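The chain below stands alone and is given in C-alpha cells; this is the form predicted on its own.
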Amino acid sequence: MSKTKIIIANWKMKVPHQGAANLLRRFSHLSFPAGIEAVVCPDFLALPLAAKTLSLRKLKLGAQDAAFIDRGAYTGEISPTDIKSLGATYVILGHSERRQYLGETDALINKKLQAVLAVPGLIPVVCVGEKARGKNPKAVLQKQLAGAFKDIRLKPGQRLVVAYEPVWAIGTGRVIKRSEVVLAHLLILGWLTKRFSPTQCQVLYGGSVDAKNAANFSDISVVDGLLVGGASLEPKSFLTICRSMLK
C-alpha cells in the first residue's frame, strides 16, 4: 500500500506579517487531491493566524523550527509544546539555511529532534543534504543522519520525515539528475530502515521544486513527497505541484 505523499510549503521569512492573512485565506480555499497531505509552514508570527484561518482537515500546519528544550530561560526560543498547542503537526529541523546562516550543527539538531519527539503528535522533518555536486553524497548524508539521529528511538505510532536538500541545486539554476535523486533517497531510506520501522519513515525531496518540474519526481518510488520553498508562496502553483505528484 503506497504512503500518502507529503507536500510542504515552507514560506521561510518571505511573507510580511501584514500580507499573511490574505495569503492564508487564499490557501484555505484550495481543494487538495486524495493521496496528498499538504502542509503550510508560515513563520512563527503567522502561526496563530494560520491555526485560525486554515481548515486543519484539508491542510496541515507546520513550524519552520523549534527549540532544543521545552521550557526555561532561553530567550527567543519557541517551545515545541507551544507549537503543538497552536495546532501544528509538522516541524522542520536543520534546514540548510539554518545550518548555513545560523551555524546549526548536527548535535544541536539532535537535541531539537529529541525535544520535538517528546511532544505527542509532532512530526519532525529533518533536513539533510550535501553542499557540493560531483562527489558521492554518501559520506555527507551518513554523517548528518548519524549526528541528527544519535540515540533517537521512536515509540509505536510515531513518525519522522527526512527531507533531502542538495544545497548546490537550490536557487542556483543547476538541475539535479533523476539518478542523483534516486541514489540519495535510497541511501537515506536504507540508513533509516536499519534503525526504524519503514512504516514510520518518509523521505521528501527539496531543491528548487516548482510547478514546472514537480512532475519529474512523481514516478520515483523512493520520493515520498516534496519540500517546496519559493514556489509555495503562490497558492495555485502549490496546488499544481500537489496534483503533479499524483501523475
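In this text, all values refer to a predicted model and were calculated from it rather than measured experimentally. In case it trips you up, residue 1 is the first one in the sequence shown, and so on.
There is another form of the same protein, the form predicted in complex with a small molecule; it is not shown, and what comes next is about it.
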Which one of these stretches, 101-109, 115-123, 145-153, 170-178, sits within 4.5 Å of the small molecule in the predicted bound form when only heavy atoms are counted? 170-178
Using a 4.5 Å heavy atom cut-off, are Lys12, His95 and Val209 all in contact with the small molecule in the predicted bound form? yes
Should Gly229 be counted as a contact of the small molecule in the predicted bound form, where contact means heavy atoms within 4.5 Å? yes
Flag Glu130 as yes or no: does it have a non-hydrogen atom within 4.5 angstroms of any non-hydrogen atom of the small molecule in the predicted bound form? no
